[in-house]
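Presented as structure tokens, the chain that follows is alone, the form predicted on its own.
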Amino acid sequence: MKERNTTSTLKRILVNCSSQAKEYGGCVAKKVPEVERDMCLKEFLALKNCMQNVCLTSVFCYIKNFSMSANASSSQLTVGLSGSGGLSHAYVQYPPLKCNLPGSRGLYYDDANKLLLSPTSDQVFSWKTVPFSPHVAATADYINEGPVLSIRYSLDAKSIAVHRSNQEIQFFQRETRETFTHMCKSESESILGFFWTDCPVCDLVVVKTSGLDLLTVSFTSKSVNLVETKKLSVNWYVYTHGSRLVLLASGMQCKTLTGFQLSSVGIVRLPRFEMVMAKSDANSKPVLAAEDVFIITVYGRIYCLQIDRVAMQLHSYRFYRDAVVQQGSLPMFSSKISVSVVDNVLLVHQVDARVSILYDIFEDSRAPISAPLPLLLRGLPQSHTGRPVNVGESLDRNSSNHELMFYGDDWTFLVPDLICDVASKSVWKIHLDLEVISSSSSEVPSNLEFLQRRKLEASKTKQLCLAITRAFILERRPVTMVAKAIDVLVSSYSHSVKTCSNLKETKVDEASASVGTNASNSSRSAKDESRVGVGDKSFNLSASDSDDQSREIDSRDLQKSGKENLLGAESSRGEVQSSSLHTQQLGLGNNQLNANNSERQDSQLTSPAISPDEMYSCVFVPVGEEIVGDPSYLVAIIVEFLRSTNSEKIKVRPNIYVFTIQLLVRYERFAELSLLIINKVLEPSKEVAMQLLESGHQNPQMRKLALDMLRQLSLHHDYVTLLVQDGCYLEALRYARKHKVTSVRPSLFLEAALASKDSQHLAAVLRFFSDFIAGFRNTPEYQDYFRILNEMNTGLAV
């Protein structure tokens, strides 16, 4: 069966990718025999993407057929639970945040303040979603009765704006409950929506069918003042506060888009661009809807994703200062698509097929991380875990409301990582199961690269990386493969040290964004942008506060022109204080709420980077305890680790050198140990020298190497002491005189000379210290040994 499936997949590849294979083969044939790196790279990547899409389609068809067979015996798809054998790369945790209030008129999400809002006839209730907690208490504010099309709190949390109709927006001051209304001046235009902004020229942006109105709001005069109007025809718009980017659609097919970015440092108008839309026939003109466009921020870079239902593809666009560039397309296996972003991982939800596909687009790769799988439900009470729960089945049989319907029609995916179930008035948060994701691939270096780019649950991610590395070594994989994995970890740690991301600090997500440099730099690979993937170094519309690198690059790039000088790395700084005020006034907790930050920014997290000390204590020592027999393999791995740390200029503590010596001495591998010492693979230190001395009982060469190391390190006191212990006290005296070593006790030399029973040696030692140490003749120590010397001389005379 497996051979038949493999042959079938290979046939599909040959049929579907014949043109790409022909182009690649032709390119290679032209350049052979001159072979060079990245030869025919463009053609190769096209062939690779085609083959991956064919393989992904095969996997998807298998899952779809399996689901259909399951539906034949059951009217609903079964959802696996934790403890019932379920497996998925992403999951939601039970219980959800319940927002089911009497008289509720719907749920609205305020992405600027990370609040879930539920208006009633005369109040609006708000729940804090950062940090996400199913037990968070709601806060109420009074509003007037009336229709609600949308509702948002201001960034300073002092007022509320309610979109009442296509002509009216009503404002409420929370403290005084004062209210006033803003109306469209012309009946020929309609209000499509609005959003608050931290732009220095305005407080509020109203999107109308005739363009954008930039407004200032004053409760003192109860007025809204027009600052500027951006005139253009608008059919619909898409906006996210995290990117500060608004896209305005125009044209008969709504596929012509104009973008404006309004951040705390100014306003930038992006170039107009058209989205790609396939036609089912020559005369068809498909119309693009707002629900088919998503703005996401991944690794500090702002993308726009567009659904093409005819081509069944999800097109990706990336924003640059002077252009909007299409980055490629992802396959669609469902007519209904939604997206989420969890810890910089893109989740494409194939809603009709009830599966989600994960992508890590750090290197602009269009290959999925793993096979399509449905979301998993975890954390159900024990009473529910005795059997699987079906899609659409109520978890609470005493309730008429459906608490959970996986991929149901009432599901709304809120970017970046929330799911709103409108029917049950519940909100779920999406989590990644990094352990399952990493176990789905055997490419350990790639797995570690992926894990090291994750910032949520950094402690768990670090432990997972350590466990993978230990297992990789214990399986005795080739040293070259293990070396690649180690290089990934060392490079990640080096980068985290340079950017101080390993220290506890408040992290900034894909929030405040600023315009990067020109699209001409887009040919640079993602590896050139960042060593580990914590930001965008040199170009695009990017989240400027996502890391220190972005701040440095933005501040340098934005010195190029007067207008660009407005756009820098401060696009989120002005909001920290106001958002904190919002949190305090709403009474949603004592933690600071940054309007720029997603959920993880309210908790202080550390980097998953692994330090050399952690590699020693959590990898090398445990592996050394389990390995039986010849230690050469583990020593070779440690040497590769030392090579990698040396190339990154990372200081390694002596404990790992001492451990290596112990391994080699245990199995009497003195020749290899001598080479490591002589070639300074094991760096000289007092701890290393002392370990060599301890090994010198079995091999005199080790003791000699230890003494030489102490002398090279100018550890004169230790060197002299060891010479005396070896009985070479006269040589020790000469060394002490030459290097002026005064810290060694004279009694140590005198006792050694006395033990030799040679009166001349004892006399020489006494004479040395009498000349070398002022006042030594007056010490009791001198008197005692001088008396002993006289007794020895008297005995010899008799």
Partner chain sequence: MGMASVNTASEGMQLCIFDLRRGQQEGQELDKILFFFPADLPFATQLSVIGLSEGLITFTRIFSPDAACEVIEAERHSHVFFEAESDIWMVMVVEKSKESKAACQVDALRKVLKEVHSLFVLFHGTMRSMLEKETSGGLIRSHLYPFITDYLSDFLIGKKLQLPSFHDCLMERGTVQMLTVGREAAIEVQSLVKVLECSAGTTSCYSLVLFQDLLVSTTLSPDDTISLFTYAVLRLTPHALSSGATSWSYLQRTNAGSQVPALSTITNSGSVSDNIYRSRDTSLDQDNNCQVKRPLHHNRWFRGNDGFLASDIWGADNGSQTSVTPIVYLQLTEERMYLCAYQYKRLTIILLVPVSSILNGEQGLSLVKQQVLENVCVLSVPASLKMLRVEEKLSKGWGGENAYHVSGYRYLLVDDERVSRASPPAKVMTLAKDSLLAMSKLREEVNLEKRAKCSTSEVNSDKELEICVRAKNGAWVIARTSRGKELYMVLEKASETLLYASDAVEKFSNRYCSGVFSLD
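The term rigid core refers to the most C-alpha atoms you can superpose between the two forms while keeping them within 1.5 Å. Remember, it's a predicted structure, so these values are computed and weren't measured experimentally. Positions refer to the first chain, counted from 1.
Note that the form predicted in complex with its partner chain isn't included here; everything after this is about it.
Scanning K98, R711, K498, R309 against its partner chain in the predicted bound form with a 4.5 Å heavy atom cut-off leaves one residue, R711. Taking Y657, Y109, W196, F172 one by one, only a single residue has any non-hydrogen atom within 4.5 Å of its partner chain in the predicted bound form, and it is Y657.
Under a 4.5 angstroms non-hydrogen atom cutoff, its partner chain in the predicted bound form has E731 among its neighbouring residues.
Among residues of the shown chain, D122 is not one whose heavy atoms approach its partner chain to within 4.5 Å in the predicted bound form.
Using a 4.5 Å cutoff between non-hydrogen atoms, R366 does not count as a contact of its partner chain in the predicted bound form. Within this chain, K686 is remote from the site of its partner chain in the predicted bound form, having no heavy atom within 4.5 Å. Annotated contact segment (heavy atom within 4.5 Å of its partner chain in the predicted bound form): 699 to 707, selected among 145 to 153, 699 to 707, 427 to 435, 318 to 326.
Taking its partner chain as it sits in the predicted bound form, the stretch 671 to 694 comes within 4.5 angstroms of it through a non-hydrogen atom at A671, E672, L675, L676, N679, K680, V681, E683. For A137, the Cα coordinates differ by under 2 angstroms between this form and the one not shown after the core has been superposed. Positional change of N679 between this form and the one not shown reaches 2 Å or more at the C-alpha, relative to the superposed core.
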